[in-house]
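A single chain comes next, written as structure tokens; it is the form predicted alone.
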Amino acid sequence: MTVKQPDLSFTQNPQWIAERETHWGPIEGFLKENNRKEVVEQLKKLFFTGVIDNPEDVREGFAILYYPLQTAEAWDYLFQDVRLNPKCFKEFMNASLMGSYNEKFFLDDEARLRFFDYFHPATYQPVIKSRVPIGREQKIVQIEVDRFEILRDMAAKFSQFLGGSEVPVIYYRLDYFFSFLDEACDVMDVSNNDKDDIQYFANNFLQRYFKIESDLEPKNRGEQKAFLVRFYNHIANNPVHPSIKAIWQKVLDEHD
């Protein structure tokens, strides 16, 4: 079933246009660094109206980022575009998980969370499917999730957060993160790089738990503490794999 274009009549509202103008300046400067004048003009029209006069001038995926409406229905409409390469869906899925897109694309935290929820269920699922057919063949895209790759990437994001970075999108979807943790198998079975990373992050988070008051950055201290407490309690009280539980026990023994 073809998804119809959402109602964009709000783009004619003078107040909305004025607010949109305040965001366009930095975006325009960013775009001019790597795009021809004609492309920037096309993207400006897309940004303000949702219209692309010459689709060939706009790289695939740009419409997802600069469309005036940032909702599931709008993304359904855009992803069904036959010009999109299906791999674009996976790239956006990974980006939504890591919160890779900043204020140049998503103008508020709610939009970032909607983008995350568009791709990811509330808890881990081994296969993620596109909501609409994508690409010239108009097929539903199915992505088999690499549990350890995603777990490693999310853990790295939390490590940056504990080091003083902004609160990541995944912080607001901790059920998803911990359901991944529950599904992880023997960390000794994965590649050496993934194994070392996962072991490092698990050990680091647990060590920080025992030094919460002294080892946290003042910025976002409350959120940092909440994450560490939940991380410790989750491993202590849930049937995570013995290889992860062993890391927890080793750290616990060191602090007895």
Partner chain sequence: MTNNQFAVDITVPQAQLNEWVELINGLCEGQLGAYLEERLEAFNPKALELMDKVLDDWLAYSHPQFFDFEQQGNRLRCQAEGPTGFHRDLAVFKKVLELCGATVNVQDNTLLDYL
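Residue numbers count along the first chain shown, from 1. These numbers come from a predicted model, not from an experiment.
The form predicted together with its partner chain exists for this protein as well; it is not shown, and the discussion that follows is about that form.
- The partner is absent here, but in the predicted complex a heavy atom of Val40, alone among Ile52, Val40, Leu69, Ala226, sits within 4.5 Å of its partner chain.
- Residue contact with its partner chain in the predicted complex: Gly29 places a heavy atom within 4.5 Å of it.
- For the chain shown alone, Arg221 is not a contact residue for its partner chain in the predicted complex, no non-hydrogen atom being within 4.5 angstroms.
- By the criterion of a heavy atom within 4.5 Å, Asn204 is excluded from the residues contacting its partner chain in the predicted complex.
- Using a 4.5 angstroms limit between non-hydrogen atoms, Asn35 touches its partner chain in the predicted complex.
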